[in-house]
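Single chain ahead, by itself, as C-alpha cells, in the form predicted alone.
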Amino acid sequence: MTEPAAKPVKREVDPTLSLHLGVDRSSPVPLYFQLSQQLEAAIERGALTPGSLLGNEIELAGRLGLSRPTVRQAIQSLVDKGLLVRRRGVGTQVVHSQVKRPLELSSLYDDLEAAGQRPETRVLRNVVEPASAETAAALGVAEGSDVHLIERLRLAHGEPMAYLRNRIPAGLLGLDSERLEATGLYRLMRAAGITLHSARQSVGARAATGEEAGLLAEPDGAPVLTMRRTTFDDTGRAVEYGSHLYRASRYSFEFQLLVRP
C-alpha cells in the first residue's frame, strides 16, 4: 500500500525582504544600531505588522553582510524595547509599535485610531459621586457637589495601554457605558456641542500598585507614566478632570522644544 505524499510545509515569507535594509560601514554609528533603527522604523510605520515573524538571523546576517552576533544584538535591542518578542518554537515576532503621543489637546482614542492601533474601551466604573476637594478645585465646582466618575481601560490590538479616570460636571452630557465603549470621550463631548479649547496638564511617573499593574498587564511595581489634565471649553468652563496611567513599556510622550527668541 502506497502512503500518500506528505503535504509541503508552507513557509512564511520573511517580511524583511521588502524593507531594503542596509548599513553604512563608514558611519561611526554601530552596525547593530543602524539595523535596529531601520527595523524599529519599519514597525512604527506598519511595514512590519504585529504578529509577523522575522526571518532567520543567519539568513538576515548573510543578506546584509553582517555577523550573526551583530544581527542578534540589533534584534535583542528591540526585544528590550518591547517591539519584538522571542517565542520558543515560533521565532522572533513583532509585538506592537510603541505609542508615541504628542502633547496636544487630543484624546488617546483618536491618537490610537490615527496610528492604526485599533482602540478598544472597557468601562470599569460609571457612577455619580461627590466631588473631593481636589476634583472641586480642578473643575471649579463646590466640594461635595455631584460629578460623574468614569473609569476605563483603553486597549490597542487587545492589549492594555492605559487606565483612565475622568471626572466630569454632572449633567454636562449623556455618558452611558455603551456609548463610552464605542468611541472616545472627546468625540462624545464634540457631538454634544462642547467646543474643547485648551487644557492644563502635568506628566509624571511612579510605580504601579498591585491593582493597577494587574489592570495594565504589568508586574507589580512596574513603572507607569501619569497624566493629570483639566480641559476647558471655549467659554473657559472646566469640562473634564482626568487622572490617567499609561504603560511606560508601551507608551511615550513626545515634546517639541523651541528656543525662546
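Given the structure is predicted, the values throughout are model-derived calculations rather than measurements. Counting begins at 1, following the sequence as shown. So that the term is clear: the rigid core is the largest set of C-alpha atoms that superpose within 1.5 Å between two forms.
This protein has a second form, the form predicted together with the DNA, left out of what is shown; the following refers to that one.
Residues within 4.5 angstroms of the DNA in the model of the complex, judged by any non-hydrogen atom, belong to 25 to 33 and to none of the other stretches in 25 to 33, 44 to 52, 197 to 205, 228 to 236.
Proximity to the DNA in the model of the complex, taken as a non-hydrogen atom within 4.5 angstroms, holds for one residue of 157, 165, 81, 86, which is 86. Distance criterion of 4.5 Å from any heavy atom to the DNA in the model of the complex singles out 73 from the list 73, 132, 183, 177. Using a 4.5 Å cutoff between non-hydrogen atoms, residue 121 does not count as a contact of the DNA in the model of the complex. Residue contact check for residue 68: one or more of its heavy atoms lie within 4.5 Å of the DNA in the model of the complex.
Interface membership of residue 209, defined by any non-hydrogen atom within 4.5 Å of the DNA in the model of the complex, is ruled out. In the model of the complex, residue 40 stays away from the DNA, with no heavy atom inside 4.5 Å. Comparing the forms between this form and the one not shown, the C-alpha position of residue 235 differs by less than 2 angstroms, with the core used for superposition. Once the rigid core is overlaid between this form and the one not shown, residue 72 counts among the residues whose Cα shifts by 2 Å or more.
Put the two forms on the same core and the Cα of residue 127 is off by less than 2 Å between this form and the one not shown.
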